[in-house]
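Below you will find one chain, with nothing else, as structure tokens; this is the form predicted on its own, and questions on how it binds or moves follow later.
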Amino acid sequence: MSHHEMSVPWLRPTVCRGWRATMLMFSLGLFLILAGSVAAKEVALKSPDGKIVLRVDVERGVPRYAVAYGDKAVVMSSRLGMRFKTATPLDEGLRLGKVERASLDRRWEQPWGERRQMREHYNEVLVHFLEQAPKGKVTNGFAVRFRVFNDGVGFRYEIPPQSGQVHLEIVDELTEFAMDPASTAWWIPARGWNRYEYLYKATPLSEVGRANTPITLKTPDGIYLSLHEAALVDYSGMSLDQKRSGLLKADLAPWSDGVLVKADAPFNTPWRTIQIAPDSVGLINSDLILNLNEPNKLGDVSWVEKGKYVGIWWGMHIKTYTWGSGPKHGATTKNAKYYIDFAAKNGFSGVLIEGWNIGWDGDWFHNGALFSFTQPYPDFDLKEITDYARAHGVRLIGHHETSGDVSNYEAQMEDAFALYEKRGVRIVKTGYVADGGGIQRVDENGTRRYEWHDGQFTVNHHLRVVKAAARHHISINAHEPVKDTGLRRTYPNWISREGARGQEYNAWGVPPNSPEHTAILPFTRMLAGPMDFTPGIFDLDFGHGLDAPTRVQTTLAKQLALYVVLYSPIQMVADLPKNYEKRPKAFQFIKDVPTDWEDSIALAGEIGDYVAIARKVRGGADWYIGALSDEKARTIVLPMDFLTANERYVAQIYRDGPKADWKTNPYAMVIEEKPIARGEALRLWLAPGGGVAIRIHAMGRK
């Protein structure tokens, strides 16, 4: 055993005595780090607050890293490296080279978001790994840039040309995350036909197969982690595959020819991210993903519009309308004007009309080449509708469904955006309805190829769409998307996306979304960024009866809470207008709640059980609170410590009635007002499948 192995046991790649023994030895290793007695060839880096410690080393020629939080190991010794189709592998026979250190502490402002003022505060080390070559020989090697924040760690590979090769084809990324297999994991399967649209599983980590990211974990020591990636640009999306118990390895979506990534060196990979918190809500309050993305590249983005929108979308899912033409065609001039009138009357800024363009008749699901993105059906007059909307202070929200045929879309995309720009459309919902590996492209030889939704080709396609849209002052809300990795910081017109099971599964899903689903999303999918979940269903069984197998499994109050809990700068008011008109008092909360925030604070919660989030109105003094529960009733107490001292507030509360239950009595609701102040607390009962929505209205100084 080497001196290194004896001095830093928690970094050792082989744990002969088992995981628990290594954990017990960790405190000794940490002491040696802090005492500065480690060998010079080992690299240590701490977060600004000193709670997170990163270690980097080379063991028998293999580069490795490890992470600790406090006195607990959270990521054990884990491998780094990369293999190429023809170039020399970067996975063994390496040594530590130059080490460059830096720190940054700066503020930046989001043009829209969960909070306006952001702090980007980290310590950084750029570690060069060199080939152990004979003296005088030029070596290739690579570098890994690590950044340690108070809320986690990010690292990326920085690859130079290899032995004179500029074009590189990656066939394996060896990045590992070695975790305690007894940790609890909340995860969805990766590389499946249904993309990211699965119900989450809660299992021991040892039972995880190939998982999408973000994947959230709770260690036996009670530390919470989320593994994901940031700034996914010109690279393949990363899933995690469990190779042996507790050892998660990067698993990249391949091209149709089997290559994972095609790149010209030098290039950087996306950041691999590890969010770390002592409690579950600490993950929600983390800004790590955004802080690892580059600043805004679009310049002035004052044209990006936020707000609430209505439309015929839910009516098509419950079969009131059809996407295709015919007697129930939803996208008609008459229907569009009806929804525009409703939006204008209630202060909503947008109207989404899907199914307006030629291509929805026939088997569009398997033939995206049918779609025209500039030619409407005869019963939809685009100019008349957009003129009518403008006269009523409302904008049409555009829709581009591709059915995964990217080549057909890209051939028409510029003309389609130009048409929308001419008609005053500022937001476009795109769609990629196709099985997981069903994104279609035509290659340079005219051959049709099929790519993954999160493969490098599709990743690059989405960015081409966002950039093209920006040239026309249009924002993109992508459905069936590539997952969010924080690129809204760099391209603020990438305003929202789907990327999880949304409300539509409550219309026809087998099974529909469970009561715990929205108590899991804030701690998993929502850590990546905004989601267009489409909340606000008031007719919870849509005429089928409360015992119907497919229905919305929430109380009415919980539907209101979703507007605060599940963040998006654009929120759909999803139900039919007539259902809101039947319940005007409950509808008032949806009319009041904004979609853009000055600040956001996760107050309380446990993954899959319940969550409570407070958000402050951007540019105002009012706060909103959303809280929701799983299938169990519970009482929560929320201190009002975030309120301003000496300010008078009135809490307008929309809560479950005393006998409310999502199964038997979902509409029971109490609407009340009460004064509230900093230093007080709200005690709230949440029904089974229930929730509460609160507007805390500022009344002025005492």
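In case it trips you up, residue 1 is the first one in the sequence shown, and so on. All values derive from a computational prediction rather than experimental measurement.
The protein also exists as the form predicted in complex with 1-deoxynojirimycin (NOJ); that form is not presented, and the subsequent description refers to it.
In the predicted bound form, 1-deoxynojirimycin (NOJ) sits within 4.5 Å of a heavy atom belonging to Glu354.
With a 4.5 Å cutoff on heavy atoms, Arg488 does not count as touching 1-deoxynojirimycin (NOJ) in the predicted bound form; it lies far away. Among heavy atoms of Arg147, none comes within 4.5 Å of 1-deoxynojirimycin (NOJ) in the predicted bound form. Within 4.5 Å of any heavy atom of 1-deoxynojirimycin (NOJ) in the predicted bound form lies no heavy atom of Glu516. Think of it this way: in the predicted bound form, 1-deoxynojirimycin (NOJ) has a heavy atom of just one of Leu546, Leu104, Val433, Leu199 within 4.5 Å, and the residue is Val433. The contact with 1-deoxynojirimycin (NOJ) in the predicted bound form, taken as any heavy atom within 4.5 Å, belongs to Trp360 out of Phe538, Tyr321, Tyr388, Trp360.
Partner contact region in the predicted bound form: 475-483, out of 475-483, 109-117, 77-85, 450-458, criterion any non-hydrogen atom within 4.5 Å of 1-deoxynojirimycin (NOJ). Taking 1-deoxynojirimycin (NOJ) as positioned in the predicted bound form, none of the residues of 201-221 brings a heavy atom within 4.5 Å of it.
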